[in-house]
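Here we start with a single chain on its own, the form predicted alone, put down as structure tokens.
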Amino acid sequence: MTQNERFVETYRELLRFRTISAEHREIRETAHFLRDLLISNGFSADVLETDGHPVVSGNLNLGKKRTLLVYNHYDVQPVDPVDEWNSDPFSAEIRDGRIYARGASDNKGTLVARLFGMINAIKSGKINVNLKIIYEGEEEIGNPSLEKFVNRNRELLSSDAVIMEGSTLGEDGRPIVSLGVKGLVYAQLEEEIADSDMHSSFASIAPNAAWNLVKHLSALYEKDSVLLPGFYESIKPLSPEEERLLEDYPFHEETFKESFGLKYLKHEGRDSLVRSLFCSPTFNIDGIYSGYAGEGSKTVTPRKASAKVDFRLVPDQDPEKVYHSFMDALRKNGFKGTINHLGLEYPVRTSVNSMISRAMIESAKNVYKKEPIVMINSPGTQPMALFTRNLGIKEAVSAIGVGDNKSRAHAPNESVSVDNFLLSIRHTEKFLEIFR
């Protein structure tokens, strides 16, 4: 068996663990498998307890000047609907050059590809940094224990740079390098004004919880602008290099609309759309519920209304300040219900001129023989700021991922190309040769 064949078989072995964090399935079995895999390849490693699922920690001190922290998660999403899978979600079946399994792309494939790349770099003697590893088991349920774990283990995790959960390949096969993430405020609102719904004939004299909630939310948003005091004041201007990255970002308006069946977009023109995608903070209603929404008619005046909303933030907006400003504005406008935040994340943006950015871009070019797609930050969010803000790590990127536009992460028939998996190993190895 060749080395690449051994790598693929170990990858499939990891995929066969039914590591569904929402169902608390095979968590410890997976964590111990990864700990043993690290130890068998020269790392010191342990399974460390948290308030929830355990973290796998690895360390390899090679006497280098700088230390790289590598973050991944070993948990996966539930597999429902099972009847839409063409093979058992945990069989790791190979068909037509692709491995099919839950977690193949998100995130077990990237986790193990990076590890094999590290192993190759160590064996070749070309690695130029010490390595620290953190594999967590709660990413797919919102990282509820991660911040406390990070704060309790500052010395253990102390590093000069961090690679976060992997990115993917673009539609044209180019690797994506994300230099940061948007921040997040996720909140739930609920207002209850009576003990029961009422006949809608009383709408002339009884308040309506649904109308109340709609009124309060719409008072904070107009013409695509967030009306919270000072909301836009702290936004960090782009550097000339970041402006150029926006100009180079591949975005096709019609392709994007077709992929979701969208009738129109909120902006016109490629430049406006790209700038908004990466540089504009947002206020979004994720879901709203009140009264009767079933089949047929039921004329009621609702007693209760609730909504979940999120703000996506850009550097240097502060999610704590935004959340409190949001609460203050609602109270000032007369909202009398409850407001709870369900998650706060700080935005991050690493300079394209940083050592980790340059090494990641150069290594991607070398391995894929293509210019990578470089995003100034992802339009989405991950807990990158736990490492940059809480630990003071100066450089952070999200890159080196095994997925592509056919991978269907979180969906039935999730898969990864075997060729892409092997390229990710080579990308990791080349990155560790360049980064120092």
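The numbering used is simple: start at 1 and walk along the sequence shown. What you are looking at is a predicted structure, and each value in this text was computed from that prediction instead of being measured.
One more form of this protein, predicted in complex with a further copy of the same chain, exists but is not displayed; see below.
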Exercise. Just one stretch in 170-178, 267-275, 111-119, 95-103 has heavy atoms within 4.5 Å of a further copy of the same chain in the model of the complex, so which one is it?
Worked result: 267-275
Exercise. With a further copy of the same chain left out of view, which of 294, 125, 240, 229 would have a heavy atom within 4.5 Å of it in the model of the complex?
Worked result: 294
Exercise. Considering a further copy of the same chain in the model of the complex, which of 358, 331, 199, 236 comes within 4.5 Å of it through any heavy atom?
Worked result: 199
For this session: State yes or no: in the model of the complex, is some non-hydrogen atom of residue 191 no more than 4.5 angstroms from a non-hydrogen atom of a further copy of the same chain?
Result: yes
For this session: Using a 4.5 Å heavy atom cut-off, state whether residue 148 contacts a further copy of the same chain in the model of the complex.
Result: no
For this session: Decide whether residue 308 counts as a contact residue for a further copy of the same chain in the model of the complex under a heavy atom distance cut-off of 4.5 Å.
Result: yes
Exercise. Quick one: does residue 153 come within 4.5 Å of a further copy of the same chain in the model of the complex, counting heavy atoms only?
Worked result: no
Exercise. Even though the chain is shown alone, can you say which residues of 277-294 have a heavy atom within 4.5 Å of a further copy of the same chain in the model of the complex?
Worked result: 277, 280, 282, 283, 284, 285, 286, 287, 288, 289, 290, 291, 292, 293, 294
